[in-house]
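This document opens with one chain alone, in structure tokens, the form predicted alone.
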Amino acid sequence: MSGHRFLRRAWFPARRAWLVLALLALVQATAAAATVELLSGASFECTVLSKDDKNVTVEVIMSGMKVKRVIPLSSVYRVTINDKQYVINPRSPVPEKKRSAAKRTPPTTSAGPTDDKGALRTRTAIEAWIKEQGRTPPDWFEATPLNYPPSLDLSWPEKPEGGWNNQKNVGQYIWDIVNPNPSKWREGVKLMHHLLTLHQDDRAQRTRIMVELGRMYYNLHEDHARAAFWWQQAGVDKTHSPPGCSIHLAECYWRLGNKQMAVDHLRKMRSVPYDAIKLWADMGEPQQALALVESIAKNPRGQHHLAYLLGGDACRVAGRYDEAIEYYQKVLAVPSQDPGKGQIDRCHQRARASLEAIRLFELTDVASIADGDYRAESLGYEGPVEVEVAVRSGRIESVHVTRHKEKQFYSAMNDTPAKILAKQGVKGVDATSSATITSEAIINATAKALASAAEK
């Protein structure tokens, strides 16, 4: 909640005169035990420490620790102190006819939200949806504790001193502790909002935090509206920096239902990252994807192995398997040498696995596979990724990752199996952005499992 303070002018309606009067009542109650009830319906016990005309600072007990929270008064419904109640903002009842609509989220298609007639949403509708979602905390936000190591340096210096310490440096804590642990994903978002409050007067630091907040919503929660909102707040839509986030912002527009917004955003970028190859392919524009591949291939300084690999993936998603094989073979033709030997070797491994998967496609007719649970593995980023595929009555009933050593897998563990279930096979399944290697491993392992089942 506290991290949304800098949006107080946009998120909440204008304050009224009675808000100031209620605040004066609180002045006499500083350092008193209180119960705070928010407009969202959440409530908690706390101690009031200080206040001004915009916020109240309280102390709450979380995970056995005393934690300070800065709460915008415009988000508070009522404060109870010494059995006296002070209504800060009256709740607005929702008219009976509008209640069902108020709780409804836009219907979605595979491409994103649609209007009530099923048409993909307009630019105006998408921007309105991004603002509405971004200015509203997720349903789980208030119930999520602000939980982080007491040793964490919340000043988050750009260049931390000393060696790697994920209990001190915020960036390393996110990488080592938050990202690999889904149980920490919501706490990671909560921490970023807390940092926004702490650094409210430092524009550069606040921008950095907003970029990371966008990454969390995008990578961990697949919340494309809130990811787009925070990246827009950070200016990514105008500066296209960081480039990787700018590409993912374009994907957010597409996922939310407006492909043209994504295309327009891509075409404004001066320097287009390799990730754009995948996005063009995912949007159903393989020719645009391959044009970018060939452009990179003509550049003597280009990472040809990576471009060819992404070109193969683009053709594979489009069902152009002969061309995909050609591109994967081009990857294998790139000599393994410095500079970039490690990355080249990894691309070789990914190309071999994808070639094997394509050759297994013809053996994966699910309708002819006997009921059973089938396992196989394929190489991920950190090691083998094993999946179990359950087939029942000629259909894929479930796909589960049963063993892996991946760390930065983000939403791939759930997202990729869901896509395979929707397609009832691996043909045309696109890998999860930002966790492409892990996602590819799940796809390839599933192909192996189905092929082995078909041979029995």
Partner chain sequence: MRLDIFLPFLKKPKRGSEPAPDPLPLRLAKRVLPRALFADRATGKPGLARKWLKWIGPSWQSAPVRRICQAACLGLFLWLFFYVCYPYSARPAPVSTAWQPTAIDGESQITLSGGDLSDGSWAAGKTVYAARKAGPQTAELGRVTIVRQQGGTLIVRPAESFPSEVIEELQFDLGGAWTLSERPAGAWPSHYADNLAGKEWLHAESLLIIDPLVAISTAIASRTWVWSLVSAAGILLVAILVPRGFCGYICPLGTLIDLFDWSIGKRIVRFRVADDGWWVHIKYYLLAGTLLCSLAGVLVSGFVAAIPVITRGMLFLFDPLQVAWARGWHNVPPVGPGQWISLALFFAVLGLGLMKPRFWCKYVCPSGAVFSLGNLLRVSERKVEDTCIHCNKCVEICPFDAIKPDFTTRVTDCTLCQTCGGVCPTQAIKFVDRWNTTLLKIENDPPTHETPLGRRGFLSLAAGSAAAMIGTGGVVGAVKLFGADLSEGSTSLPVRPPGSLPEREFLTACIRCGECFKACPNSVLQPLGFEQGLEGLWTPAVNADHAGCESSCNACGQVCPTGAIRALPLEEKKVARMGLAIVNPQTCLPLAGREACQLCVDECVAAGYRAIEFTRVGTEVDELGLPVEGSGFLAPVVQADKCVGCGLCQTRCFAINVAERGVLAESAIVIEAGPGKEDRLLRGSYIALREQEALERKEAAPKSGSYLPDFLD
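Numbering follows the first chain given and starts at 1. In this text, all values refer to a predicted model and were calculated from it rather than measured experimentally. Between two forms, the rigid core is defined as the largest C-alpha subset superposing within 1.5 Å.
Separately, the form predicted in complex with the partner chain exists; it is not shown, and the next lines address it.
Of the candidates 295, 181, 239, 329, 181 is the one whose heavy atoms come within 4.5 Å of the partner chain in the predicted complex; the others do not. The partner is absent here; in the predicted complex, the one residue of 260, 287, 368, 136 having a heavy atom within 4.5 Å of the partner chain is 136. Every residue in the set 49, 233 and 405 has a non-hydrogen atom no more than 4.5 Å from the partner chain in the predicted complex. In the predicted complex, the partner chain sits beyond 4.5 Å of every heavy atom of residue 321. Put simply, residue 390 is far from the partner chain in the predicted complex: not one heavy atom of it is within 4.5 Å. Although the partner is absent here, residue 38 is not a contact residue: none of its heavy atoms lies within 4.5 angstroms of the partner chain in the predicted complex. Using a 4.5 Å cutoff between non-hydrogen atoms, residue 166 counts as a contact of the partner chain in the predicted complex.
Per the 4.5 Å heavy atom criterion, the partner chain in the predicted complex is contacted by stretch 192-200, the sole one of 192-200, 252-260, 301-309, 272-280. Within 4.5 angstroms of the partner chain in the predicted complex, the stretch 365-402 places a non-hydrogen atom from each of 379, 380, 381, 382, 383, 384, taken in sequence order. After superposition on the rigid core, the Cα of residue 76 moves by 2 Å or more between the shown form and the other one. Between residue 76 and residue 129, the Cα distance is smaller in the predicted complex than in this structure, by no less than 3 angstroms.
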